[in-house]
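A single chain comes next, written as C-alpha cells; it is the form predicted on its own.
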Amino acid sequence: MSTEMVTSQNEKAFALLKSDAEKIRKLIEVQMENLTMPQCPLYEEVLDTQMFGLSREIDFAIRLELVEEEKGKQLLVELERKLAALHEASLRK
C-alpha cells in the first residue's frame, strides 16, 4: 500500500471520528440550551453511551494505526470538558 493511500485512509478515519464527536458535541449543546428543564436521566444515559461508543471507535482506530493516539485522545478530552461544563451548569440551576 502506498504512503499516499495510507495517509488518505488515516485522514478519512480521523474525519469520521471528528464527525461522530461533533454529533455528541451537538447533543451536549442542546442539553446546555435546555437547562431550564430538570436533568433528564435518559438524556444523560444517551450521552454516556455515545461517549463510550466514541472512545471504543477511537481505540480501534488507534490500534489499527489509522489515527495517532494523541489526536484521538484529544477528541475525547474536548468532549469530556464539554460534558463537565454541562454537569456544572446543571448543578447551578
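All values derive from a computational prediction rather than experimental measurement. Numbers follow the displayed sequence, beginning with 1.
Although not depicted, the form predicted in complex with a further copy of the same chain is the subject of the following passage.
Tell me whether 50, 57 and 66, taken together, all sit within 4.5 Å of a further copy of the same chain in the predicted bound form, counting heavy atoms only. Yes: 50, 57 and 66 each sit within 4.5 Å of a further copy of the same chain in the predicted bound form.
Can residue 12 be called a contact residue for a further copy of the same chain in the predicted bound form at 4.5 Å between heavy atoms? It does: once a further copy of the same chain is placed as it appears in the predicted bound form, residue 12 has a heavy atom within 4.5 Å of it.
In the predicted bound form, does residue 16 come within 4.5 Å of a further copy of the same chain, counting heavy atoms only? Answer yes; at least one heavy atom of residue 16 falls within 4.5 Å of a further copy of the same chain in the predicted bound form.
Taking heavy atoms and a 4.5 Å cut-off, does residue 89 contact a further copy of the same chain in the predicted bound form? Answer no; every heavy atom of residue 89 is more than 4.5 Å from a further copy of the same chain in the predicted bound form.
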